[in-house]
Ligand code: HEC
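Just one chain follows, in the form predicted alone, and it is written as structure tokens.
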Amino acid sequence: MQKRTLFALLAVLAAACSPAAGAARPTPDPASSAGRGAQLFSGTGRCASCHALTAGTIIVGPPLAGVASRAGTRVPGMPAEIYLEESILHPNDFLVPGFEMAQMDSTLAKSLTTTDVADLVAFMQTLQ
């Protein structure tokens, strides 16, 4: 009986930690640009330490669930890809309402390669 209780508890916890229904999280091919960006997001890029991928979850910075849909509407005339790239390289240029200037590391431009940035942008463009 204890095993059943433990498994039931684990199932409840897994469901609670999963994205909301209908908010499927992409699983890009690890060899693709988006896949490398996903790995960078949660690994050496440090992005996941501040940005959640679940809507409504705030760690430090704005959650990135749905960022692919919003990015193209944030600055009139600016394509989503450019907005995302600029937001990584110059985080204080386009602040999300409710978040303060200088919350995001502004030295990322020095530590990320152009390929890293392109991969992160490709990943974020999968976050519908």
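Start at 1 and count along the sequence shown; that's the residue number. All of these numbers come straight from a predicted model, not from anything done at the bench.
One more form of this protein should be noted, the form predicted together with the named molecule, which is absent from this view; the next part is about it.
- Query: Does the named molecule get within 4.5 angstroms of any non-hydrogen atom of residue 38 in the predicted complex?
  - Reply: No, residue 38 is distant from the partner.
- Applying a 4.5 Å heavy atom distance criterion, does residue 118 contact the named molecule in the predicted complex? Outside the cut-off, so no.
- Query: Any of the heavy atoms of residue 28 lying within 4.5 Å of the named molecule in the predicted complex?
  - Reply: Output for residue 28 is no: heavy atoms all beyond 4.5 Å of the named molecule.
- Query: Is there a non-hydrogen atom of residue 96 within 4.5 angstroms of a non-hydrogen atom of the named molecule in the predicted complex?
  - Reply: Yes, residue 96 lies within 4.5 Å of the named molecule in the predicted complex.
- Message: Only counting heavy atoms and a 4.5 Å limit, does any residue of 58 to 79 reach the named molecule in the predicted complex, and if so which ones?
- Response: Counting only heavy atoms within 4.5 Å of the named molecule in the predicted complex, the contacting residues of 58 to 79 are 60, 61, 62, 64, 67, 70, 74.
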